[in-house]
Each structure stands twice: as C-alpha cells, then as structure tokens.
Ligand SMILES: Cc1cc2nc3c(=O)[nH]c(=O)nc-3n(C[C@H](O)[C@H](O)[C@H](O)COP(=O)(O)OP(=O)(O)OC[C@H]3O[C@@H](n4cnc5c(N)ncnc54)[C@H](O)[C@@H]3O)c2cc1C
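Below, in structure tokens: the form predicted on its own, a single chain.
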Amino acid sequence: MAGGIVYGAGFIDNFRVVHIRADKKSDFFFGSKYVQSYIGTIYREVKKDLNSGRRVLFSGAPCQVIGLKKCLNREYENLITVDFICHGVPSPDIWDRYAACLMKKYGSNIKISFRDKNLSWNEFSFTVRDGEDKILYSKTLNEDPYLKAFLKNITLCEACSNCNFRGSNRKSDITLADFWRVEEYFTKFNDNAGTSVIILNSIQGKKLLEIIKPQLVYQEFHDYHILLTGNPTYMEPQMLWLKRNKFFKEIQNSDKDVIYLLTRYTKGSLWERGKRKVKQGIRKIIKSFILLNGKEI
C-alpha cells in the first residue's frame, strides 16, 4: 500500500509478540507467530491514522479484527482488514517462558521462525538461527514441544473453544489460509513451496485483489468443499485438550521449566508413540527406495 500504514504481529524485546505499526518496507514483519499477540494501544493508533486520511492495512486473528471494528464503531474506506483461518492462539505466557529457555541456551542474538519451510511446507519446523543464519536448533511440527502443544490444543486460550468468528461470520475484507491438499485439485501449484488461499469477504477485498493480481500466479475456485477439505477450522472451533487445565495449573505452581512440561504433556500414549515410530520407519524405507532408484542401483 504505497503511502499507507501496515499493522501486524511482530517481535519486540525478548521475542515478545505484539502488534506493531510499520510505515516503511524495512519495518515490515514476516512469518507466522503461533501465539496471541499483545494489542495494547494499537486500535487507537489505527483510528488516528484513519482519521488523518492515511490508508491502513490491519492484519490479525479474526477476533482481533472484530475488536478493531468495535473500537472504530464505523466503516472507513481507507481501511483494509486481513485475517486468517485460525487454529486458535496459544497463551502468551507459555510462549514467553519458551522463548526465555531458548535465549538462555542459545543467547539473545538469535532469529526465531515458528514455521521454517526448509524441509517442506507441509511438515514445517520450529527453527532457531544465529546472527549469521546458521541453524542452532530445528525440529519439525511433530518434534518441537511448543509446536506439538499448539497443534494438540494444549496451550490454546480458553476462548478459542467458543470462537464466534468462524465460517462466513467475518468482518475482515480478506481471509488467508494454507491450501492443504492442493495436489488433489490443482497439481500445477504443488511445488512443495506452499500455496495460499485468498477468500474475499467484501467489495474492498475484491478491489485490492484486482490491484495486485498482475503480481500473482492464481486460480479462481468457488467450491467451499475444496477449502474445507484441508481447513476444517474455517467452520468449527477447536476442542480444548482434556488435560489443558491440569497443564496450566502445573506450570503456574511447578518449578519445572516449560520445555520439560510441554515435552511430558505432548508425549502421547504408548500406542500413539508406537504408531508414530512405525510411520517414521515406513517413510525412511520409501525415501531409501526412491534414492536407490534415482541412482539406478
């Protein structure tokens, strides 16, 4: 948005995740943040920019977009809002504890990616790099305790189980999502680099898409079944994990660090662990077979 302002979630000191204002490209914030961002006075700042005539793009979770609209209390032609299909947001307290453990081990001069796609986009990794971009730590979504707890709904905020802002009940102009199972519908986009879904919710959203279309490689589709196949949380909120309250009670009253507790609570049953090891073994066999065939041995 030339001459405009962008608001979205970014890191500040000690990797705390907050909503940030950016008016130049060098200040932009990229990458997924799997934690509830702190809003603070951002809604008032957005209103001030809008009233001064600046164009504003605000991105956030569906509930944060609703909060902004309630605060503004009227429509603005110079405002574009973007949300996403939300799995749910983890507690900031859990993230702050986890980040503190990482900084204690690797130092504060590090870069953190919740969703590193170095291996693949559908089996992404939580990755820590040093100042020279060397990988210090990298575990997949099935290995890293923070990601595992997020995906198992152990650390989600309680309100996420009663979310009222799913499906078509959205106030954003655009909703973004991953196009899971894209290979089943549009094979030309299956490049393992990731494919996004853009859902248009308003005239404002459609106008913005028309402006940026020349910069996109895209395919229009109008079948919600395709979208829901890989994104069930578009319609239904998450069910909280049965032992979630026990986990939060223990982490508040225990002297154990967060990595220990996340690892213990995400370990799974003996049956689940056995099944996972079998799957991992099968994947290794398949990869070895492909490698041998590729070398024609």
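Under this definition, the rigid core comprises the largest set of C-alpha atoms superposing within 1.5 Å between the forms. None of these values were measured; they are calculated from a predicted model. So that there is no doubt, residue numbering starts at 1 and follows the sequence shown.
Beyond the structure shown, there is the form predicted together with this ligand, which is absent from this document and is the topic of what follows.
> Quick check on this chain: which one of E183, D116, D178, D96 has a heavy atom within 4.5 Å of this ligand in the model of the complex?
For this set of options, the contacting one is D178.
> Is it the case that G3, V46 and L50 all touch this ligand in the model of the complex, with a non-hydrogen atom of each within 4.5 angstroms?
Not a single listed residue reaches this ligand in the model of the complex, so no.
> Is G31 one of the residues lying within 4.5 Å of this ligand in the model of the complex, judged by heavy atom distances?
Result yes; G31 sits at the interface with this ligand in the model of the complex.
> Does A61 reach this ligand in the model of the complex, with heavy atoms at most 4.5 Å apart?
Taking the distances in the model of the complex, the answer for A61 is yes, it comes within 4.5 Å of this ligand.
> Is V65 close to this ligand in the model of the complex, meaning a heavy atom pair under 4.5 Å apart or at it?
Residue-level check for V65: no, no contact with this ligand.
> Answer for G88 alone: is it within 4.5 Å of this ligand in the model of the complex, judged on heavy atom distances?
The answer is yes: G88 has a heavy atom within 4.5 Å of this ligand.
> Which of 245 to 253, 228 to 236, 258 to 266, 66 to 74 has heavy atoms within 4.5 Å of this ligand in the model of the complex?
The contacting stretch is 228 to 236.
> Determine the residues of 138 to 162 with a heavy atom within 4.5 Å of this ligand in the model of the complex and present them in sequence order; the list may be empty.
Heavy-atom contacts to this ligand in the model of the complex: only F150.
> Return yes or no for F28: a CA shift of at least 2 Å between the shown form and the other one, with the rigid core superposed?
Yes; that C-alpha moves by at least 2 Å between the shown form and the other one.
> Where do K48 and D27 end up in the model of the complex, Cα atoms closer or farther than shown, with a change of 3 Å or more?
They are farther apart; the C-alpha distance rises by 3 Å or more in the model of the complex.
> How does the CA gap of M103 and F28 change in the model of the complex versus this form, closer or farther, if it moves 3 angstroms or more?
Compared with this form, M103 and F28 lie closer in the model of the complex.
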